[in-house]
Each structure stands twice: as C-alpha cells, then as structure tokens.
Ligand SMILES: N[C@@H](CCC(=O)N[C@@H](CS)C(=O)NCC(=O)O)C(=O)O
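Shown next as structure tokens: one chain only, the form predicted on its own.
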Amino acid sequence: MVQLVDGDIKTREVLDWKGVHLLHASGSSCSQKLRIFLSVKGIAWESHLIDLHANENFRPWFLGINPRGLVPVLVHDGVVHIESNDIITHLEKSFPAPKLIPAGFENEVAKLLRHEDDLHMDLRTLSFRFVFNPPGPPKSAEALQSYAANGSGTVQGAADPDKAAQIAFWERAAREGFSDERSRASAQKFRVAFAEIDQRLAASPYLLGDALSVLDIAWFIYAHRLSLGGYPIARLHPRVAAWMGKLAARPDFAREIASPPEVMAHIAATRRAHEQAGKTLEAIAGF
C-alpha cells in the first residue's frame, strides 16, 4: 500500500487536514473510478479539484503532496495515500460497508487490479490518440521541467523512479505522437483483457459473482473510455457491452461518465476526422 511518509511530503498543510479529502481531476479515469467507489460506499469527502489541462499536477504545491504528480490523492486524517487502487484498498478497510471487495476474494481482487493498473499507459495512449486528440504535444516542455524539478523525489522514504517513467512517456509523445504501432499494441492488449471479462460475465452478472465489486467499477471506466475512442465493444464483446449498459443506468455511474456538450462535440469531431482519414481505432488495431 502506497502511504507516504513524513519526508515525502513538502506541502505540509495537508498533514492537518481532518476527514477524507480527495485531490482529483474531472476527466481522469482513476479519479472517476475512485469517485464512483466513494459514492457507492456512501463516504463523505471533501473535494480538491486539480486542473490537468493547466498542468496543476506538475506545480510545486501538488508535487509537494504527491511526488509522482498523479491524481487521485487521498488525505485521510492527515495521512497521504497515493495510487488509486491502493487508496481503494485503504478505504475498503476503513469503511467496510457496503463491501466492495468480497471476503475470500482479496488476493484475486489485488491481482486483477494490478492487471488493470498495468494497462494504464495503454489506456493513456489510446485516449490521447482517439479521444482527446490534442493539436500539439500533450505536455509542454515548461510543464515537464517543473515536474522534474519539484517534489521530494521519494516515495515511502526511498528514491522513486516512477516520475522519470512518466516524464519519459510525455517526452516520447512530444517527439513521436501516439503512433499506429503503439496504438495497435495497446488496443490488442485490451482485446485480450475484455475477452477474459466477457468470459467472466458468461457465468455471473458481475465480475466476481452476483454483487457489484470494485472490479466492476475499475473495468467499467476503462471500457467506457475506450468506447469513446471507437473501440467496438458491442461487436467484439457483447456481454461486456450489456454489462456496461446496466452499470451506466445507475445514477452514481452515469454521473461520472457524463461530459459537457462541448467535450462530446470534440470527441465526435475527432471520430469523424479519423473516419475520413481511414485511421479509426478499429482500422489501426485491425479489428
């Protein structure tokens, strides 16, 4: 579990925060997952929005809270937790009802959440190529310089290589964009993952049986994001599509996937441009 120690934290004010505080971003997939989790749990929390478009997560104040520069971050009675799946595990123990990690499934849930987390860079690749589609480099050189220069550089008291990996990702994106080859490889990984999920759903209405679990929340967010980019979920994984529809009908899920009209217009325009160029996600991936 990634709980920061005193020396990792340079923005000291958060150590005095009482209750449950969430630093999060509206369109962040990991933030969406955690907000649904909090809603289903009925946990009261205080919101601290971080503007990723303005690179607030790369500024000294935020890096002083999370040296990795990622959202979401949980501050629970002055203790800082990072990494969304570790935050969820902590909150499940702190607020055990309703149970979203079923008894006896703890190890399986941990394994499957690690698998979901391992695909996060692939989700980011497909999101920036087929959903967000920014006109230039997704992160400016100035923002990356601030990212590199600020924060403690340690997690749990040890030098942390994660930020260097994040910077390398953004620098490569600035140099090369999100190529057909990289996009194809990422899409193929999700095809394998969703095929496995489709098989699970053949045996039960939810991923761990008859009741909603944190796995449903996590994979729903990924599936929805990819559907925005044109991933053909209904054609390739019909059970996944039906499961998504059932979850999307819930107010707590629907609230998280709702986007302003201007955002949906941008996504639609991106899809049309890719269709006209013959460069849709389906075409690139060979689906």
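Treat the numbers as computed from the prediction; the structure is a model and nothing was measured. Throughout, we count residues from 1 along the sequence that is shown.
From this point on, the text means the form predicted in complex with the ligand, which you will not see here.
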For the chain seen here without its partner, which of 249 to 257, 39 to 47, 55 to 63, 230 to 238 has a heavy atom within 4.5 Å of the ligand in the predicted bound form? 55 to 63
Contact residue in the predicted bound form, chosen from E106, E171, D117, E196 - any heavy atom within 4.5 Å of the ligand: D117
As a check of understanding, the residue in I88, L126, V71, L74 with any heavy atom within 4.5 Å of the ligand in the predicted bound form should be identified as V71
According to a 4.5 angstroms non-hydrogen atom cut-off, is C30 in contact with the ligand in the predicted bound form? yes
With the partner left out here, check for me: in the predicted bound form, does some heavy atom of R200 sit within 4.5 Å of the ligand? no
Spell out, yes or no, whether the shortest heavy atom distance between K163 and the ligand in the predicted bound form is within 4.5 Å. no
For S186, is any heavy atom within 4.5 Å of the ligand in the predicted bound form, or not? no
